[in-house]
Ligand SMILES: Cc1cc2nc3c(=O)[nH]c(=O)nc-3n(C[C@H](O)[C@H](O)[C@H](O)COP(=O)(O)OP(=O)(O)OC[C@H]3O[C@@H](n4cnc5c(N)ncnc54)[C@H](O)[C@@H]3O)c2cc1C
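Coming up is one lone chain in structure tokens, specifically the form predicted alone.
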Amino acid sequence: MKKLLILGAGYASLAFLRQLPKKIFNDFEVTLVSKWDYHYASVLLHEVAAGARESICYPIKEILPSNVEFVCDEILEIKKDGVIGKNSSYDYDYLVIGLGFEMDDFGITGVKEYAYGLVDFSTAIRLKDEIAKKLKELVQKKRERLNIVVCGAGFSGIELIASLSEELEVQAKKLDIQRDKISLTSIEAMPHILPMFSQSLASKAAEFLESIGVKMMLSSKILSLSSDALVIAKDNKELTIPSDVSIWTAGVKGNSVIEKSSFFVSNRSKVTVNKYLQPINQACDMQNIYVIGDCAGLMDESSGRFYAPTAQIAIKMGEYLAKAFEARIYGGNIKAFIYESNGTVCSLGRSNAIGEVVKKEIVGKKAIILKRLIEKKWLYKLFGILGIFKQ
């Protein structure tokens, strides 16, 4: 019996597995290998870090079809003749890589050592605990102020800083801390935030953030980080910004397993794929390998750029590949993957958001309700009707 091996338990891999027809499981040994024994909703990591949610995790074994073998192991390297894990090795006839993303520091000094990334559930918990620790020090008069800096004002950075502002307001009252002793600063190299949205929507988001006490520092290039500060270039000057907690949301790349695997030709741990999600521009033929989600570099022919990694495109890749794989194995027309966005919604705390859906702009409560419905839709795909009742 041939072997189908899937790496990673994120949106792309699970969408692929949930859409595979039953006959595949009769004809293949299907194995999923993941570092974690749970799936976490990465689009909600900011809420965990801010303290708005306790958990966004769901046990893998409650999600997978019963005839999929699950192995909890950390992947170290991918080779032509197999995959090397920390605990074991895995061979395959067909390989699907959906290993997710990691923080990209772009070589900036101090980012790895002093900044908190937001790349998985464990890093979100560490960030939450660090902020709680610093708040306790404020209460105990061990520090005068708490300066929190979010580096990057893209999607993740804005959702995080909005949620932080809201939750810190609650914590300040609970702990009897003067709110003005806590500062939140967003630093962005570009002259505006949220480049994926129109200027009018981005401006509304910026105005809202400023109204809830977030300091916006735009056109500010980060040069280096230390344990208690950042150095930025702004208006042809170098400025030092105090920071007790530095959070890096200024860029992500594919999983480092890709760049550590000499089998692949890659850039920023991404493998360039064709319209069937198979690696191209490689040293050898890889017709039996597919790359989906954050590790896939798929070109948007209309813009000449790679598609940005999002949960939406990862899910669509997984669902597409399930149909394409079935057609490849049993015969049928294999159509090319075509990505059409259903729209994008960026939360600004519990009760506010901005979004663009079907080329229409939405703001406020309508937008946040839509955001929550999108989250529920994913849980429905994983668990069926019971997913609607999961938190």
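What you see is a predicted model, and the numbers here were worked out from it, not measured in a lab. Start at 1 and count along the sequence shown; that's the residue number.
What follows is about the form predicted in complex with the named molecule, which we do not show.
- Residue-level contacts in the predicted complex: of S266, S246, S163, N255, one residue has a heavy atom within 4.5 Å of the named molecule, and it is N255.
- Exactly one listed residue, out of E74, E137, E207, D91, brings a non-hydrogen atom to within 4.5 Å of the named molecule in the predicted complex: E74.
- None of 357 to 365, 22 to 30, 330 to 338, 41 to 49 except one has non-hydrogen atoms within 4.5 angstroms of the named molecule in the predicted complex; the exception is 41 to 49.
- Though the partner is left out of this view, L99 does reach within 4.5 Å of the named molecule in the predicted complex, counting heavy atoms only.
- Shown alone here, S224 lies farther than 4.5 Å from the named molecule in the predicted complex, counting heavy atoms only.
- Within 4.5 Å of any heavy atom of the named molecule in the predicted complex lies no heavy atom of R53.
- Proximity of F155 to the named molecule in the predicted complex: non-hydrogen atoms within 4.5 Å are present.
- In the predicted complex, the named molecule lies within 4.5 angstroms of a heavy atom of only one residue of 314 to 340, namely A314.
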